[in-house]
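As a starting point, one isolated chain is supplied in structure tokens, in the form predicted on its own.
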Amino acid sequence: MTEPVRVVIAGYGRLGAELARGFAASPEVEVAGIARRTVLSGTVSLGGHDVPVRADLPALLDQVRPRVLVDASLPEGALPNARAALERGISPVIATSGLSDAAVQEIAAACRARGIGGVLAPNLSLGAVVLMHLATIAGRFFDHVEIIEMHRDRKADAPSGTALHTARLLAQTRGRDFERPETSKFNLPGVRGGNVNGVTIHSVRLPGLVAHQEVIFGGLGQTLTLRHDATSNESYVPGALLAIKHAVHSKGLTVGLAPLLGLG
């Protein structure tokens, strides 16, 4: 039996905490440490073991020497965290949306230079990845499409990174913008949502939601609706485990989980 992959988790909010619990239940991964800005030092009990918690990520990486850093922090922390990992030859798995193109290019270049693997997966849900793949297929046959994305009321950004990525992927695969009907009279400003290459995006924020997305295609006398619902942050654990295994056995930065599923 192979040794479990030692990982450090950066960020211990809703996502980071759920990933930590899921990793603790997996024989493939060992949580060696947790970086959390609000705690100077301490421990968290996971799977019957006390895991060190530090605010200083570089010091934690030097202390526990993991093979992979799983970043579940905010976008502004993801790049510095990835730099700290890459400087130490540690593979980054970044589960954060909102990174700039320049940041992604920097991380990809560092992975190539050091000959190590990494994964940038703004959405770790396997179902969401499959939804985006199916949407690109449907997008070849419809001229009109709108996206409704729904998240919890405390989500800071809108639209979601997944919705933006879906819209851009649809337009890229289609090779041109979608058709977007013009509205001649607005009774409420902004009511038609945002526009990305002719794809209209609507954002819903309500307590009780986790992460949900509908992609609705319209054609003459018909509509086609694709929908994915993440009802718990547990849905991100299988994708995270897949990304960790890929990062360990690959070289260079892989963007998205689709290539890992044979879809991209």
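So that there is no doubt, residue numbering starts at 1 and follows the sequence shown. Predicted model only: the values in this text are computed from it and were never measured.
The same protein also exists as the form predicted together with a small molecule; that form is not shown, yet it is the one meant from here on.
- Contact annotation for V145: none of its heavy atoms lies within 4.5 Å of the small molecule in the predicted complex.
- None of the heavy atoms of R67 is located within 4.5 Å of the small molecule in the predicted complex.
- Residue contact with the small molecule in the predicted complex: Y236 places a heavy atom within 4.5 Å of it.
- In the predicted complex, the small molecule sits within 4.5 Å of a heavy atom of P75.
- Heavy atoms within 4.5 Å of the small molecule in the predicted complex map, among the stretches 103-111, 187-195, 118-126, 134-142, onto 118-126 alone.
- Think of it this way: in the predicted complex, the small molecule has a heavy atom of just one of H202, R37, R205, H212 within 4.5 Å, and the residue is R37.
- Proximity to the small molecule in the predicted complex, defined as a heavy atom within 4.5 Å, holds among R21, K251, R14, K245 only for R14.
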